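Quick heads-up: it's one chain on its own, the form predicted alone, in structure tokens.
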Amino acid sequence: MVEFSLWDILRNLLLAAQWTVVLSLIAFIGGGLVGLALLVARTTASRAMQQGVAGYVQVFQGTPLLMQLFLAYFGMAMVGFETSAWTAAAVALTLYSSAFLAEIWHGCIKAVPKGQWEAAQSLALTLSEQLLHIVFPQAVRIAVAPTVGFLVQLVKGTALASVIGFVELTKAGTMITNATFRPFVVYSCVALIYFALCYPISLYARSLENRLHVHH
């Protein structure tokens, strides 16, 4: 058994937590960009394209993230792409995020009052102009809080990347536990670090929601 002080445990976990943060940001930003493209296609494209996007969303929402990570990790290797746990985790979480963000934003667009759509149509604007100038600005206001809230779920979801060997906070906790045989201490520290990452985001999402509701 290796003798680790509490500070040694925390220091190593904090180093691993940096990769949790990096992976979360990559998945959130990448998923946001892909999700925006999906949203535009679902809103303005042909009926077939809209159904295709809806199917894409249903696939990612209806299957466990764990399975998506496995499929990305082993599937990329099968089709000839040189893969790593880092690459597979980033790809899987980006696609997962894109589906959820596209659905969140689509719901926010539908939440824009029907009268606003009718007003936009009465101005003889094209659909693209209606969306760009009338609908999207209002939908963005509705979408801010749930989008930030989704980030909390994403940060916690990165823990599953440990199963394909990506060394983030949870994987580091397991490795340190195996070296120290102090699971309660180690996993308590892991939980506290996740809480320190997620709680400020939750507070910010709640604050945004209250602020936007007041100014609505």
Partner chain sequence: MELDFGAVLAHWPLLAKGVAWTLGLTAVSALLGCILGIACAWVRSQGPGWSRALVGTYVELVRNTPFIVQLFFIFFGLPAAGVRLSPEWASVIAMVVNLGAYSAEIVRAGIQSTPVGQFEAAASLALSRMQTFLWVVLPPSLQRVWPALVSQIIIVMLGSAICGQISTEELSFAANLIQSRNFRAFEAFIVATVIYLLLSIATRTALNWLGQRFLFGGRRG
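Quantities reported herein were computed from a predicted structural model and do not represent experimental measurements. Positions refer to the first chain, counted from 1.
Just so it is clear, the following notes concern the form predicted in complex with the partner chain, a form of the same protein that is not shown.
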{"query": "Option from 74-82, 104-112, 140-148, 87-95 whose residues, in the model of the complex, bring a heavy atom within 4.5 Å of the partner chain", "finding": "74-82"}
{"query": "In the model of the complex, the residue from M67, A48, I29, A37 that sits within 4.5 Å of the partner chain by heavy atoms", "finding": "M67"}
{"query": "Sole residue of V167, A41, L33, V163 within 4.5 Å of the partner chain in the model of the complex, by heavy atom", "finding": "V163"}
{"query": "Interface membership of V53, the partner chain in the model of the complex, 4.5 Å heavy atom rule", "finding": "no"}
{"query": "Non-hydrogen atom contact R11 with the partner chain in the model of the complex at 4.5 angstroms", "finding": "no"}
{"query": "Partner proximity in the model of the complex: A172 to the partner chain, non-hydrogen atom cutoff 4.5 Å", "finding": "no"}
{"query": "Exercise: V152 in contact with the partner chain in the model of the complex, heavy atom 4.5 Å", "finding": "yes"}
{"query": "Interface residues of 51-67 toward the partner chain, as seen in the model of the complex [heavy atoms, 4.5 Å]", "finding": "Q58, V59, Q61, G62, T63, P64, L66, M67"}
